[in-house]
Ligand SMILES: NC(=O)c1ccc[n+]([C@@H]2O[C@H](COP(=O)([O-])OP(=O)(O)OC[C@H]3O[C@@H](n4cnc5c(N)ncnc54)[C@H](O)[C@@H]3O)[C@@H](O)[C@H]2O)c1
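One chain comes next, on its own, written as structure tokens: the form predicted alone.
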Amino acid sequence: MSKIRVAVFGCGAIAQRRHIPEYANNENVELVAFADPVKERAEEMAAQYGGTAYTDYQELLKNEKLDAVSVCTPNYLHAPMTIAAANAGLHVLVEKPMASNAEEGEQMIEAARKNGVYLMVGHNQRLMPPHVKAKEILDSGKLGKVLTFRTSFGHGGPEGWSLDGRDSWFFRKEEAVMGAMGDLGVHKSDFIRYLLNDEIVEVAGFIGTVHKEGTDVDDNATCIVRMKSGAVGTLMASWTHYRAGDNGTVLWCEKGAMKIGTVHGDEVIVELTDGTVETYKVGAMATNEKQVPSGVIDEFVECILTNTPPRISGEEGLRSLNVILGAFESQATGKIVKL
């Protein structure tokens, strides 16, 4: 069987640490081309993995015969690049947040639909081993209904992750559109929707720039969300969790509590009201410091190979984005926003 021919748009940190090596490790993929406005970055990837380097993604699309692309660029470019690739008849894996606003998200979904291609959003938190295990336990019904929860994602900020450090696009509003909420909060809105198999119907957002000087994007957000089921919880995103990063979730349910990613080594802990405690060592979450395969690339490739629409679809990405946009609206208006 011929290999899936892939190009990567954007050769920054997420491309270099996740997308490109994970494509390279997948025997069904051939990396064909790389585009980045910083020519050296694209050339470095081409030298390392084979393929052609471009500074202009449109030129790449014109010249190369492809099956799929990964869009790993600053947020404001996600929509135009995705739409251009879909219009070229290519499957697209786009990083999160999928778009800058809801209209763009809808246009991306429409472009994929009318061209008969898949659109998948890189919400890798669904695929982290502790999260997969937690969902399996919750779906089994042993904890009963979820009543309240908290979920949080924080680290010290993109300066420790991005190849450009403090000069990264993450801190420029015209390119990033949103800060910690677009980077981390949208992971959590997606994860909690997925984990609880439920939709967020109301959100109150407290969002601001607490500590990162010289930027106009948010570095902290605490949101209160109400689910369709009636469960209420908090969702937190932070770029100022210095040293003590956090990717933890706690659910309080009718028959006990579940702690996910709160104790290193015991990734999922179930404490039942009958006194039973169960711990599951199921492999760690990926962090900025410690990369483990995200699973996203393999799942995207599998969708293409088997003609299976992606579970983490454009529609799913848009629902998760709309929660974040609702939180910003709440911050701006001082009102609780109904989604």
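For every residue, the number given is its place in the sequence shown, counted from 1. As the structure is a prediction and not an experimental result, all values here were calculated from the model.
In what follows, reference is made to the form predicted in complex with this ligand, a form of this protein that is not presented.
Taken together, the three residues Gly10, Asn75 and Pro97 all lie with some non-hydrogen atom within 4.5 angstroms of this ligand in the model of the complex.
Screening 35-43, 275-283, 302-310, 22-30 for residues having heavy atoms within 4.5 Å of this ligand in the model of the complex returns a single hit, 35-43. Here is the short version: of Ser238, Ser189, Asn247, Asn124, the single residue with a heavy atom within 4.5 Å of this ligand in the model of the complex is Asn124.
With the partner omitted here, the residue from Tyr194, Phe149, Tyr118, Trp169 that has a non-hydrogen atom within 4.5 angstroms of this ligand in the model of the complex is Trp169. A residue is said to contact a partner when one of its heavy atoms sits within 4.5 Å of a partner heavy atom; Asn220 fails this definition for this ligand in the model of the complex, lying far away.
In the model of the complex, Leu163 approaches this ligand with a heavy atom inside 4.5 Å. Of the heavy atoms in Ala111, none are within 4.5 Å of this ligand in the model of the complex. Ile14 belongs to the set of residues with a heavy atom inside 4.5 Å of this ligand in the model of the complex.
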